[in-house]
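Okay, here we've got a single chain as structure tokens, the form predicted on its own, with questions on binding and movement later.
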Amino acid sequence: MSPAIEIHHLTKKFRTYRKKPGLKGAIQGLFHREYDETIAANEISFSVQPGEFVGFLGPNGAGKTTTLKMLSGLLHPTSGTASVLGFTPSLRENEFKKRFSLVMGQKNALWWDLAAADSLELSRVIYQIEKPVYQKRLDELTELLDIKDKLNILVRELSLGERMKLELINALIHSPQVLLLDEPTIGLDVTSQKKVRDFLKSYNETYKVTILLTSHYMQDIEELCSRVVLIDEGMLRYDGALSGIVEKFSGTKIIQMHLHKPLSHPIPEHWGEILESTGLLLKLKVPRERISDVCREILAATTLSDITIEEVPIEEIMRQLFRTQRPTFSSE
């Protein structure tokens, strides 16, 4: 089976004019200009199979949005190749446009001063969807997202969560095979985030649409994506299972204990780093290889009412990883 998304050595460089200060600098710039070059994506290669739901991760400025824009044809790559459903995105063929959608959490596709229903009707005309087919899809999507009663309200009068639901409907009304999502839950409250996640998970499972998702909310990634592609400074750093990041790059686990009574002696340093010690609650970060030994010592030293051993949260591992070294690694 051919990949739905396939990119090889994809690179995007931006050149920006560096203006010197003052009138003299402005005049000099008329005759001799100096430029700075920024590499937003650098030799990125990966593929996504049909129906996969892949998380596309990285810190701010890593090149995620630039890559999505190249996959949607909004930007031309400086070098390398990209293929989406067998099409070259930068050619922007009409048939290609009918088969993918891009949703950007900080950009509106719906018309601000129109009712949502009118914006959606405009999309129906643009994509040349027959009215009975359109109505069936609209009924299904509005029911899934519980937003049917908001269709006749002006877009600018909707809440952020309501607008995002309708942006998703607008993106899916023509039944695309590939969906590119750039921070679809940004700024939403916890309840709205959960509803959007549940919808995306259900839609992917039902229609097998290929989804590439960027998000700063790790809960989005953990609940939706079994595979992640991680980039930093424009370069691919990891491609594999989300659990693989924990296994490879977290050398510690967290032991949380509820004590029957406070410890009668100070906590030994070799037990690990104290994350919390309040009353009868004790939380330690312990090297993986010492988990068994530390648990044994704790049980010998005090009586516990409860003990749990947990992985370090994914977002903390990511922060540490980007804050320190930046190796290139894979799931193999």
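The numbering used is simple: start at 1 and walk along the sequence shown. In this text, all values refer to a predicted model and were calculated from it rather than measured experimentally.
We do not show the form predicted in complex with a small molecule, though everything after this point is about it.
In the model of the complex, is there a heavy atom of the small molecule that lies within 4.5 Å of any heavy atom of residue 60, even though the partner is absent here?
Heavy-atom contact with the small molecule at 4.5 Å: present for residue 60.
Verify the contact flag for residue 38: yes if a non-hydrogen atom of it lies within 4.5 Å of a non-hydrogen atom of the small molecule in the model of the complex, no if not.
Answer yes; at least one heavy atom of residue 38 falls within 4.5 Å of the small molecule in the model of the complex.
Residue contact check: residue 65 to the small molecule in the model of the complex, 4.5 Å heavy atom
Yes, residue 65 lies within 4.5 Å of the small molecule in the model of the complex.
Contact between residue 216 and the small molecule in the model of the complex at 4.5 Å, heavy atoms?
Yes.
Can you pick the stretch from 266-274, 289-297, 38-46, 303-311 whose heavy atoms fall within 4.5 Å of the small molecule in the model of the complex?
One stretch meets the cut-off, namely 38-46.
Listed residue that, although the small molecule is not shown, lies within 4.5 Å of it in the model of the complex (heavy atoms), from 121, 162, 183, 239
Of the listed residues, the single hit is 183.
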